[in-house]
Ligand SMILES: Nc1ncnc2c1ncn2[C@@H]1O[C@H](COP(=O)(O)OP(=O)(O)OP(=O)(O)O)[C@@H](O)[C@H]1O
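Only one chain comes next, encoded as structure tokens, the form predicted on its own.
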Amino acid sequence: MSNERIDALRKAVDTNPDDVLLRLVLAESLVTAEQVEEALDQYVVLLDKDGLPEDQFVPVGELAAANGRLALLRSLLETARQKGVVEGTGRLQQLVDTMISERSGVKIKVGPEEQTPFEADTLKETTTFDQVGGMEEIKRVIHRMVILPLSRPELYEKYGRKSGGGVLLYGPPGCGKTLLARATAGECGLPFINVRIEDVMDPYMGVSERNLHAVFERARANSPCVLFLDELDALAFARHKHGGSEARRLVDVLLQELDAIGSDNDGLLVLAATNAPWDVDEAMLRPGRFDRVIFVPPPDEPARADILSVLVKDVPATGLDLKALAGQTPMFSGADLRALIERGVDRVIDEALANGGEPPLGMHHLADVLGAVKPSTLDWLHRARSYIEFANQSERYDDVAAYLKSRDVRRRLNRDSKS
């Protein structure tokens, strides 16, 4: 295809932008000339103007999939469904699923006609509770509430209880909620599907809801498995606090998916995490949805010592008293402890550059930077205290209230308020 003809077609389309037949000829000419991206842009306009013939949906979809144009592929699928197109819709759905699977790293079953085996061995989570420092009480609670129903299904079946369900982990950021979720999947010997906000949220109307539904459908197809929804407050922001209809629709879809848990979703365990449980829609926390809510506090002193030992495991060090350091870092999250070690290592590197050699990390390096690292959990705990004082009528957050009343925590928060 000569550039002169394509240029002429471009000018003609610019002059007559509503002439869909002319635009279709331009798009096909661009494909022939291997100018695929521009051709796909023209197909987007054609689809928007309802000018793409139905028999072109699958060829254009395959072209879009080959060039990473997921938004166009989804639009083709949605338009085909709206028009009631039967032939080719399954192929478009398969292309969408394959693209999402490749981007997220989650392998899925693609349909009855062309079904791939579920590669459980490659998807099973390997993290276990042994790799989670401290938090022994929380591990016991999760073991009783989550792991036992999955590892001893015959016992629960005898008493009419099914495996699966919803568990919400909440607490300050950086305290190991995601790691706990992974370890829960590892303890159960199940695949772990981590759903991030960017995997669901989409600026186009209706796409976020379809993405969320697709996530649950894939998890159901590959159950038993653990589906983890991070930052639940972003997906399920309280409807009475949000005026937009789009956010309300997303909450409604999530409620519908959760209502299926325990009925046709036997073996599907949904874990979620949030730093702001009070911003999660109340309907999420009713029985049958996220009816098990677990507080993940900042690590206690033994847990901090465990975390520190993991953080310095591969760092050349000498004379470190991790137990003493753990005692000097109250209210530090795991992320705060990582920041402390990294700053200490920075001091070591500065020393190596100034004096030569490769000095090991020592307690004096960490003592030098200890005052510069503040526990990031304090802001969250202050907000939690304010919330619990005025809005804990349901007593859902009594575990947080008990934690805040402990002598050491109360003293630290009061001191922080005065400073």
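By rigid core we mean the largest C-alpha set that fits within 1.5 Å across both forms. Numbers for residues come from their place in the sequence shown, where the first is 1. In this text, all values refer to a predicted model and were calculated from it rather than measured experimentally.
One more form of this protein exists, namely the form predicted in complex with the named molecule; it is left out here, but the text below deals with it.
The partner is not drawn, yet in the predicted complex one stretch among 192-200, 167-175, 343-351, 282-290 has residues with heavy atoms inside 4.5 Å of the named molecule: 167-175. Of the listed positions (146, 307, 77, 254), a single one reaches within 4.5 angstroms of the named molecule by any non-hydrogen atom in the predicted complex, namely 307. For the options 268, 135, 229, 258, the residue carrying a heavy atom within 4.5 angstroms of the named molecule in the predicted complex is 135. The named molecule in the predicted complex comes within 4.5 Å of no heavy atom belonging to residue 277. With a 4.5 Å cutoff on heavy atoms, residue 131 counts as touching the named molecule in the predicted complex. Among heavy atoms of residue 155, none comes within 4.5 Å of the named molecule in the predicted complex. With a 4.5 Å cutoff on heavy atoms, residue 71 does not count as touching the named molecule in the predicted complex; it lies far away. Contacts of stretch 332-360 with the named molecule in the predicted complex, defined by any heavy atom lying within 4.5 Å, are made by 334, 335, 338, listed in sequence order. Core-superposed comparison between this form and the one not shown: the C-alpha position of residue 178 differs by less than 2 Å.
Once the rigid core is overlaid between this form and the one not shown, residue 253 does not reach a Cα shift of 2 Å, moving by less than that.
Taking the rigid core as fixed, one finds a CA shift for residue 211 smaller than 2 Å between this form and the one not shown. Between residue 194 and residue 93, the C-alpha separation shrinks by 3 Å or more in the predicted complex, relative to the conformation displayed.
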